[in-house]
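Take a look at this one chain, the form predicted on its own, written out in structure tokens.
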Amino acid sequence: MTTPQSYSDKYLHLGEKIDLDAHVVCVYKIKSTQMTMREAAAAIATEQSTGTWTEISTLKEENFLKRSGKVIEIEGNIAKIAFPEEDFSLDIGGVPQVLSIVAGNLFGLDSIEGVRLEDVIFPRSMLREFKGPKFGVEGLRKILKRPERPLVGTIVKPKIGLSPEETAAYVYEAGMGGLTNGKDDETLSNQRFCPLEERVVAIAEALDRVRSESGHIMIHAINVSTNGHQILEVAERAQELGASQIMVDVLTCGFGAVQVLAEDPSIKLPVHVHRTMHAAMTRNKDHGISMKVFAKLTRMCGGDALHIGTFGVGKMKGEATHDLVYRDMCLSPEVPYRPMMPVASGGLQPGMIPALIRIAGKDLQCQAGGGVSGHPLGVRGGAMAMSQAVEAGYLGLTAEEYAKDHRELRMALERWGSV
């Protein structure tokens, strides 16, 4: 059912000046064959603020003027809608309540075939309510004593099935091969074959061995993703047992999970953020939510590192141009927080890394799972090949050029090729 034109016109404020410091401005891409852009944009503003599908007796003029969404710009199939700051509640509602307005029922409006939230611009007063990353790019580099080069990491593979001892052995080999970062996979939690507490202790011991034997520093992100009432307790326990970093699946756990881990004073560790399930909302370019929005919210909530894609060179669906936008959201001064480390992960292998660094820059964490464990020389050889590939990219060399003097990288190229 469409919104009557006589009613929806009240939500149109095209060409009018509004106080941007008192509104949240949302950018929507809209597709509708049943409505004009004016009608479709007005229907979204109606649904997400003071209106409904028909005239209602309870909507008073004063309340409407203060609380209604306002369509302030339409260009092609892009509409900007401003929602008054007073519509939002950050002390109790937080990001969940924000999303209920900017990305709520609008996706189900019958007369709109597609709508995609491309960006959200928050007023300064709302941005001040968030603290952003505790560590971010600079903090992670400081921990790892790696001031300029891209970080280079791995995901323990197989995703599930290894014991704590086997997981720790993998991490040890990766660290001895020169990797700076390791992480649990998003599917690993506290399964019987790899209990979290035993895994944390074993990995902490492995990282201590790496440092004592080689002087090299590596950290590993323990997946603490769980129910909302448990996540802080789980993270505190992991930290107590020696974890060097924690990881949370932001979309399955919620943005509030990232925020509590980042802001609670008891947690002293960097928060690595995985985006599992994101493609359910980000992959369709005509419907859903842009990864840019998720990146901005993650940075606001305090994520120190975030998966953003592989810039078109890995296994995950993506394009360099879009992933660069997401990278920029991690790093740019658009929001007043520490930069958040962009993480490129998903089907990467050493032959891809120099090209990846050329595209994405040096403030980047390059991460490979199978591209490490699948190396002919095993995990340590794969880690060495990845480290060599990152060094090649940092120096502006191709993988082939650097591989001439580095056996591990040369063997990786022979197995997987390069881009």
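If you're wondering where the values come from, they're calculated on a predicted model, not measured in any experiment. Each residue number is its position in the shown sequence, starting from 1.
Note that the form predicted in complex with a small molecule isn't included here; everything after this is about it.
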Just one of 207, 235, 250, 155 has a heavy atom within 4.5 angstroms of the small molecule in the model of the complex, so which one? 155
Note which of 345, 225, 290, 180 lies within 4.5 Å of the small molecule in the model of the complex, where distance is taken over heavy atoms; exactly one does. 345
Mind telling me which stretch in 157-165, 105-113, 79-87, 213-221 gets its heavy atoms within 4.5 Å of the small molecule in the model of the complex? 157-165
Quick check on residue 149: any heavy atom within 4.5 Å of the small molecule in the model of the complex? no
Using heavy atoms and a 4.5 Å limit, would one call residue 186 a contact residue for the small molecule in the model of the complex? yes
Could you confirm whether residue 141 comes within 4.5 Å of the small molecule in the model of the complex, counting heavy atoms only? no
Residue-level question: is residue 368 within 4.5 Å of the small molecule in the model of the complex, judged on heavy atoms? yes
